[in-house]
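Next up: a single chain in structure tokens, the form predicted on its own.
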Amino acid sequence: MSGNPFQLQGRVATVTGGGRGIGRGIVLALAQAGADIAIADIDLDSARKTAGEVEALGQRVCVVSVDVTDAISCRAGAETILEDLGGIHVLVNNAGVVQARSDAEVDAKDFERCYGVNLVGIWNMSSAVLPHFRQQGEGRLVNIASIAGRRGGMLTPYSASKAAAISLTQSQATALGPENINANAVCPGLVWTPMWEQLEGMFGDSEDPQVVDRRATFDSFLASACPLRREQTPEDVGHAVVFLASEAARNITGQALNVDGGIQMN
């Protein structure tokens, strides 16, 4: 480790769903901090494009096809990363989905989909990496939750799965702390990504791309609910992840850090 506790030279960070959106922001922030990167994703085209950006920053990178809902896929992906990059020091469980329908239309399949990726996916990928963390005597887990997991109100399956992700993070921190493994969560606020474009169409009652592009509902939420009156970016989330992955956060575990401009204060 360098003398700067926020730097990640010599570390390998794995990011699930790292090809686009918040995941891409996390990948680039980690690479800028000096980490080598493994992008574990099912969208290989986006993952390879982001990998090219990591290479341009001078860091090693590999792309692996991983379906986080499948434990076997997660184990195979972890083995490939270890072979290609020689280790894993940081795991960022970022892969996530949101329900595509309003609560009035939700059924059990929406819960299964959200829980399968947003919760079980964390468990599967963490389980695949933890034997290596234990062998090397340290590791950092960072789970991407959401401020939607802080309070209910809408998007019930998504919000419930993110609340469960925060609870799982606390359980991981309790169980793994004696083994020198930190587990924390980051809770993004309003981030304009392909996921939010789905919500714009849902909340705005129009799927027309031109209507969605205007971001009327998104901007209205910012104006009414965000004290800082500005949207959060994938880079903002990435910087928080870098902090939690770094030596500067060595005595922080079991926490859920909101990156939301003050929307949710706790």
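Only a predicted model underlies this, so the values are computations on that prediction, with no experimental measurement involved. Numbering starts at 1 and runs along the sequence shown.
Note that the form predicted in complex with a small molecule isn't included here; everything after this is about it.
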{"query": "One stretch from 169-177, 76-84, 92-100, 128-136 that, in the predicted bound form, holds residues within 4.5 Å of the small molecule by heavy atom", "finding": "92-100"}
{"query": "Output flag, 31, 123 and 181 jointly within 4.5 Å of the small molecule in the predicted bound form, heavy atom basis", "finding": "no"}
{"query": "Contact test in the predicted bound form: residue 62 vs the small molecule, heavy atoms, 4.5 Å", "finding": "no"}
{"query": "The small molecule contact in the predicted bound form: residue 22, any heavy atom under 4.5 Å", "finding": "yes"}
{"query": "The small molecule contact at residue 193 in the predicted bound form, heavy atom, 4.5 Å", "finding": "yes"}
{"query": "Touches the small molecule in the predicted bound form: residue 157 (any heavy atom, 4.5 Å)", "finding": "no"}
